[in-house]
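Read the single chain below, which is given as structure tokens and is the form predicted on its own.
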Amino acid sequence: MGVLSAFMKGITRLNDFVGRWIALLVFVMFAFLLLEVGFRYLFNSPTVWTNELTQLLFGVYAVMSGGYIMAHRGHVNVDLIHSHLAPRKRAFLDIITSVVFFIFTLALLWFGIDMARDSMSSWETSFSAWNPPIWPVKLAIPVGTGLLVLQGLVKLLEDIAIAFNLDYYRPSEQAEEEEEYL
């Protein structure tokens, strides 16, 4: 079970690393929007590229952060039933509902790969006045979705371990490791 535990920790650390770096894009987007406001109102010379670049960066930010959010249990959860259950019953419910998660994310991965491949093959651009390449943003869709699917697999393995009292995952050990890491 050491390999499985190492896999789970590795995926979570990867998503944590990616998420922390992707979070820095907020500052980059903020700087570009501030620059736009400055050029527009101080110099009466608006730019043609800052708004579009900010939108593209936000797209990357949104799709690349899913695995990090899942690793830190930040996705929206309807707690009407979930919060009133014991941990093992909650894990069983999460195992059942993970089917919907995997159907959605694997479909997004499949179509995202196809869309990214098409976009990269034609070096797709936005066809705006600035005309930046948008294939890198479309490439981020399957990459971010792949990270989300892998983190979903980790969550499923955690739920299976909790539901069936398996020894490859202990929630108390993970909480201690997270506190050390932070």
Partner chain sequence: MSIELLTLLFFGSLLFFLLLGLPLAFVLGGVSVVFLYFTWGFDSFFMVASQIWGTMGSFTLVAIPLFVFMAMVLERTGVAKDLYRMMHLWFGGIRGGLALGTLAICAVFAAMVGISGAAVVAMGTIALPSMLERGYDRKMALGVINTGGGWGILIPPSILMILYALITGVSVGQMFAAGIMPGVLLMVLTAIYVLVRAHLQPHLAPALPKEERGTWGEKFRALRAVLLPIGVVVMVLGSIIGGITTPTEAAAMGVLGALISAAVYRQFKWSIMQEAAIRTFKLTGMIMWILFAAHAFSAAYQSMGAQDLIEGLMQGIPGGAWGIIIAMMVIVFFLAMVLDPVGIMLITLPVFMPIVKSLGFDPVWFGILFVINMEIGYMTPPFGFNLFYLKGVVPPGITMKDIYTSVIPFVLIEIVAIGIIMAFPEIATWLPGVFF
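Computed from a predicted structure; not experimentally measured. Numbering follows the first chain given and starts at 1.
Missing here is the form predicted in complex with its partner chain; even so, the following discussion is about that form.
In the predicted complex, its partner chain stays beyond 4.5 Å of every heavy atom belonging to Ala86.
Taking the partner from the other structure, its partner chain in the predicted complex has no heavy atom within 4.5 Å of any heavy atom of Ile162. In the predicted complex, Leu157 stays away from its partner chain, with no heavy atom inside 4.5 Å. When its partner chain is considered in the predicted complex, Ile11 lies well away from it, no heavy atom lying within 4.5 Å. The partner is not shown here, but in the predicted complex the stretch 53 to 81 reaches within 4.5 angstroms of its partner chain through a heavy atom at Thr54, Gln55, Phe58, Gly59, Val60, Tyr61, Ala62, Val63, Met64, Ser65, Gly66, Tyr68, Ile69, Met70, His72, Gly74, His75, Val76, Asn77, Val78, Asp79, Leu80, Ile81.
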